[in-house]
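Only one chain is given next, in structure tokens, and it is the form predicted on its own.
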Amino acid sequence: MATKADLESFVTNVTCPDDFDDFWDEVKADLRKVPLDATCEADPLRSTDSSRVFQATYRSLDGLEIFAWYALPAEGNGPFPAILHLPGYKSEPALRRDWGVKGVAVLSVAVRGKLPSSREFNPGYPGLLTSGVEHRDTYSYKGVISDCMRGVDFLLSRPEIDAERIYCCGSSQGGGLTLITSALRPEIKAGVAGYPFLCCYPESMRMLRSYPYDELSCYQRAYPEKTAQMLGTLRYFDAVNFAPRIKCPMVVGIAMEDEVCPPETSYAAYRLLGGERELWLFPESGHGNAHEYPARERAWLEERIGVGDTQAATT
């Protein structure tokens, strides 16, 4: 189990490329050239008394069609606050109907490689973490991160959404993507990143022998001559390099017995956050199984959005 002293003494070797911002500015410029082509089809089978559910699609980088579950409050016409919910590495996107009763919309994105956004790109599991890792322009996460950014564009295109009240959350890969997307899209007003993946790749490869990070170790063993090239690519996609660029309030939740995302690496991203920050530590929990985490995430977001009467606890 990691201790608070372990978190505070950890130092990553990850450095930020000099052209980091230029690279992502170019990605955003390329993304703007792609027509959104959004669709939104009602799904009565999955709707409830409190939420109207839609199957949404939009176009992302390279023209790929991305799917998302879109849940709107059943009562009223808006404008509603909205949560951008980002998926884990293995799991498919969750259908979040639970916020409808609070008058909050949720867009749950199936990034490329997830069902049903996998028709044109499907590296499988394992596979996503090393797909195209030879170069920053071919790396899978250039597209994955673009799909998340494009989710913000989808919400901004909807007349029923309050553009000034967009929030973000996710756990594991979704936690890392929450950090990254919040850095790239200032329209996001606050976020909660649980057990964040995509932090300190070189150290994570050494500290654990579990998937998904072991995908990178396997790649290194198979292609030792490409290790430097791989690590050079990953610098452009490491959440610790995005963290200082996050200016909105952000929570990072860390499980101290995490066997998938080393706690020290998540903390490295947390302490670099550029805005208001809050840390939740779960001393006797592993990856994704802190029982109190979901309620704390909800209470914190309710308070930020202004739709709840509960007060999030502090660590």
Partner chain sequence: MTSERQPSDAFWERIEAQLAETDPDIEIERDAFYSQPEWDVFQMRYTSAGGHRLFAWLSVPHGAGPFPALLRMPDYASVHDIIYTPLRERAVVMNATHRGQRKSDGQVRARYPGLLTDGIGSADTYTLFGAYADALRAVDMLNAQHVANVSGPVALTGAGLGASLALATAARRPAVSAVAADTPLALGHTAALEPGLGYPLAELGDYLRANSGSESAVESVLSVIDPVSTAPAVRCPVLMSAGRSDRSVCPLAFADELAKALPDCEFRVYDGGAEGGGHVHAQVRGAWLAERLGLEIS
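Numbering follows the first chain given and starts at 1. Keep in mind that this is a model prediction, so the values were computed, not measured.
As for the form predicted together with the partner chain, it is not shown, yet the points below apply to it.
State yes or no: in the model of the complex, is some non-hydrogen atom of Lys90 no more than 4.5 angstroms from a non-hydrogen atom of the partner chain?
Contact with the partner chain, yes.
4.5 angstroms heavy atom contact with the partner chain in the model of the complex for Asp214
Yes, Asp214 lies within 4.5 Å of the partner chain in the model of the complex.
Partner proximity in the model of the complex: Gly124 to the partner chain, non-hydrogen atom cutoff 4.5 Å
Because a heavy atom of Gly124 falls inside 4.5 Å of the partner chain in the model of the complex, the answer is yes.
Please tell me whether any heavy atom belonging to Arg46 falls inside 4.5 Å of a heavy atom of the partner chain, as the geometry stands in the model of the complex.
Yes, contact at 4.5 Å.
Given that the partner is absent here, state which listed stretch (90-98, 185-193, 76-84, 233-241) has heavy atoms within 4.5 Å of the partner chain in the model of the complex.
The contacting stretch here is 90-98.
In the model of the complex, which of the listed residues (Tyr219, Tyr201, Phe154, Tyr139) lies with a heavy atom within 4.5 Å of the partner chain?
Looking at Tyr219, Tyr201, Phe154, Tyr139 one by one, just Tyr219 meets the 4.5 Å heavy-atom criterion.
Partner contacts for 283-305, taking the partner chain in the model of the complex and a 4.5 Å heavy atom cut-off
Sequence-ordered list: Glu284, Ser285, Gly286, Asn289, His291.
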